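One chain is shown next in structure tokens, namely the form predicted alone.
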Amino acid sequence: MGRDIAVLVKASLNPEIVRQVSEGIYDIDYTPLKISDVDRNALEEAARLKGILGGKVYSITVLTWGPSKARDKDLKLAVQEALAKVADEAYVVVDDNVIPGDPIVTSNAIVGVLKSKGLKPTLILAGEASVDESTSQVPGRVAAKLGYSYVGYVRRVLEVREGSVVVERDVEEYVETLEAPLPAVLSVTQEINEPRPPTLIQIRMASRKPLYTLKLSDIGLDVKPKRLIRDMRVITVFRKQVLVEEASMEKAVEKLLEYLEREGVLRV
């Protein structure tokens, strides 16, 4: 009998398309969503491990950015990519009481999906951080709530044994090898693999796979939003367009240094 895998997939604010209104305020409602980049690495690793472990792969998504009615297209694209890539089934939580999401409510919703639907994956894979907020909290919180082992910043899954998983973990200055008991939650880095785009056949097959849209009441939760975002602002950079013209490089550098000193950028 195969061992199942769950992959956490987030529809994140797209950092490549920044929309703003007056005074540099970031327009959350009209900024499109995209599947978080490192989640693609998690899906790619799930596809590899499925061939080893057998079993099913589930994708779990919690919509954390509203308005929910305007997010249907972006959300479906993210989920369909997960289905096309590897997932056999997708579970999506869409509820205004989750929006705007925070790591506590999001992790509660993910655990609620797993428990209410009787899903007991051997491994839960997630990206090390989302492209929009990068809190890196959700995988660890999910592991704590389920009582699973947790290993972060996994750059390579070396072996899945009968009762444990052996991984390489990146801790900045060195790489360590760890063995963690199963079941386990692993957050992976981009170094773990090179995600491949789904094939045309995979994309066509994705539309035939089960996709379950759930509210909090469907998974036994009754929570209120814990976070209120008054506004988010875009950092705006203005160039002074100062041109330094001198006959020699030495004089140009000297003039530039004098200008930077007057501006307070350098202190002599």
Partner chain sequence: MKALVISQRPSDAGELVALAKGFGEPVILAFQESASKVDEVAAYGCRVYRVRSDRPEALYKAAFSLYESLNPKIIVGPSTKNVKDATALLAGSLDIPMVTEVVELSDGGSVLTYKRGFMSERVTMKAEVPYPVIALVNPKIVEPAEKAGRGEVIDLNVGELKVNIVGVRAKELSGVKLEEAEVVIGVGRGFKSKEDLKLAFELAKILNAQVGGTRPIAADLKWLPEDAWIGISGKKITPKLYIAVGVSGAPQHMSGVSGSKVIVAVNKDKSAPIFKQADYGVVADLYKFLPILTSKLREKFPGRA
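Residue numbers count along the first chain shown, from 1. Keep in mind that what you see is a predicted model, and the values were worked out from it rather than measured. By rigid core we mean the largest C-alpha set that fits within 1.5 Å across both forms.
If you look for the form predicted in complex with the partner chain, you will not find it shown, but the lines that follow are about it.
Residues of just one listed stretch (23-31, 66-74, 208-216, 48-56) have heavy atoms within 4.5 Å of the partner chain in the predicted complex: 23-31.
For Asn108, a non-hydrogen atom is located within 4.5 Å of the partner chain in the predicted complex, even though that partner is not displayed. Proximity of Val242 to the partner chain in the predicted complex falls within the 4.5 Å heavy atom cutoff. The partner chain is not shown here, and in the predicted complex it never comes within 4.5 Å of any heavy atom of Lys117. In the predicted complex, none of the heavy atoms of Gln80 sits within 4.5 Å of a heavy atom of the partner chain. Scanning 132-166 for heavy atoms within 4.5 Å of the partner chain in the predicted complex gives Asp132, Glu133, Ser134, Thr135, Ser136, Gln137, Gly140, Arg141, Ala143, Ala144, Lys145, Gly147, Tyr148, Ser149, Tyr150, Val151, Gly152, Tyr153, Arg155 in sequence order. Shown in the overlay between the shown form and the other one, fitted on the rigid core, is a CA shift at Arg239 of 2 Å or greater. Val21: CA moves less than 2 Å between the shown form and the other one after rigid-core fitting.
In the predicted complex, the Cα-Cα separation between Arg233 and Leu260 grows by 3 Å or more relative to the displayed conformation.
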